[in-house]
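The chain that follows stands alone, in the form predicted on its own, written as structure tokens.
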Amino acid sequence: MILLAIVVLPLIAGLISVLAPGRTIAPLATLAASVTALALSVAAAASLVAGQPVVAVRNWVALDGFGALILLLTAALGSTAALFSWGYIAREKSARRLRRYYTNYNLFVASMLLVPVLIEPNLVWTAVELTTVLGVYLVAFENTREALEAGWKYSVLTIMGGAIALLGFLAMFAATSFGGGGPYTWQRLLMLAPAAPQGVLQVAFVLILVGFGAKAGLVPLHTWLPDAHSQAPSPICALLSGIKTTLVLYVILRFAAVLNVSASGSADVWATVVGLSSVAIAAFLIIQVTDYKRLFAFSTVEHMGIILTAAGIGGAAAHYGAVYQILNHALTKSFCFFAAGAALLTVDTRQIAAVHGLIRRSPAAGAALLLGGVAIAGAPPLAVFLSEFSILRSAIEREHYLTAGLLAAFVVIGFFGTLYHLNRMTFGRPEETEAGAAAARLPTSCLLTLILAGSPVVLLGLYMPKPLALLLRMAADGLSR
């Protein structure tokens, strides 16, 4: 029942946020529910690593290695975003809007927690659509013309993608229904795929890749992502970029594993082509970006492409690199948006050209933004560098030289593009009007979040805890079947 409790906790916090008066109870209940859900997620993952099955409802709600990794990341980012929200959203003058924010925040987190614990694919589609619908209000929370436009664009493109993916889900169900009755789960899909009509399977996967690719921010249906991430509150950006897109990619990778065990086994080609295209387009967009929140948004498009390319390379080493990259990207990208939120609180602008000498205005915000940019760009010895290096090495070992060369070239372009922008913002000479300004003071909860969220970004580049390494192996095994 631990899995059900994890999902129910944010629902309870959401109900409290609706009913409780004042401005303090809603953020407190949200943080308490998020931290408790994280503790339960750690316990569930630890049980799985120890060899104990984690099942709440047989054939419906259960956990395997890949699901446990995604659940753990969702709960972790939900906790840090809740803590950052406390100080960030406190500037909202209306207590009613503040409580509405936390109500929607908790519903959004609950829907995301559902995705990795469900093992019935059609229910997973429903949970993914819930994350889309419940995220619209949060994207448009600022209620400006730009925010409303971003929310509208987000909803239209991603809901359209969900409809296309639904056709793929139905085709997949039809293709595997020839195997007779029994529970319809991820595991049974893998068992039925070799005997299923191969043409139908391939059509189903392409529909799912295109439809859910729009939700994951894959090229060419990525255009909603930079708009949404530039307008949404920074803690919501951390969730959208850090885990929401990853959840959708998680589902795509589940179906890629199904196609790879079939007789056709052509998911690798699709994954490599779409993945490299996303990395390439994002790398060049990073160079010309003018908004530092959009910079990190395009970086998300890049990293979704890197993960998909790793899955396309195939083999145990590449699959391990893919799940390793999922872990590092989620933790690092959420930290990047917390840093961007701290910068926005300091300078009150998202324009890169308008920010100079940030580290003098706010040493905490400047240092965090620089660390986040260096980390997500893939600088050694930080965690993202290690996972990207493992992906490139696996491509060379499997003699995918063209893939390795193109991926390395695009990653390098993105690396220098990111550092070029952040170097100007962080170390540039302040404008005359800013030179004499007092150092900005960030809310305590925001400072604490930067410390908590930044620590694994650095530490995982130096040390990998054994239980986490085992969980990554289990997650990679789920892709290799």
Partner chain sequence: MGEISALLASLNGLAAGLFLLSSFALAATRQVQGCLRFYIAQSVFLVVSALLLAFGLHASDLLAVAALDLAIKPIVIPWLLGRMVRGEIFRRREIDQVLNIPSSLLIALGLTLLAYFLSQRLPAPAGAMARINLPVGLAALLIGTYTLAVRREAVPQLIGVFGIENGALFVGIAIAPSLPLVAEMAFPFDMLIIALVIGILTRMTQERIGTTEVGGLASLKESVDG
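Treat the numbers as computed from the prediction; the structure is a model and nothing was measured. Positions refer to the first chain, counted from 1.
Another form exists, predicted in complex with its partner chain; not displayed. Remarks below refer to it.
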Heavy atom distance at most 4.5 Å to its partner chain in the model of the complex, all of E120, T144 and R294:
yes
Name the stretch, out of 168-176, 237-245, 80-88, 307-315, where some heavy atom lies within 4.5 Å of its partner chain in the model of the complex.
168-176
Ok, V200, A379, A409, I396: which has a heavy atom sitting within 4.5 Å of its partner chain in the model of the complex?
V200
Given that its partner chain is left out here, which of I164, L392, A280, L386 has a heavy atom within 4.5 Å of it in the model of the complex?
I164
Partner contact for E92 in the model of the complex: its partner chain, 4.5 angstroms, heavy atom
no
If we define contact as a non-hydrogen atom of the residue within 4.5 angstroms of the partner, is V289 a contact of its partner chain in the model of the complex?
yes
4.5 Å heavy atom contact, S155 and its partner chain in the model of the complex
yes
Answer yes if any heavy atom of F298 is within 4.5 Å of a heavy atom of its partner chain in the model of the complex; otherwise answer no.
yes
Within 4.5 Å of its partner chain in the model of the complex: residues from 209-237 (heavy atom criterion):
D227, Q231
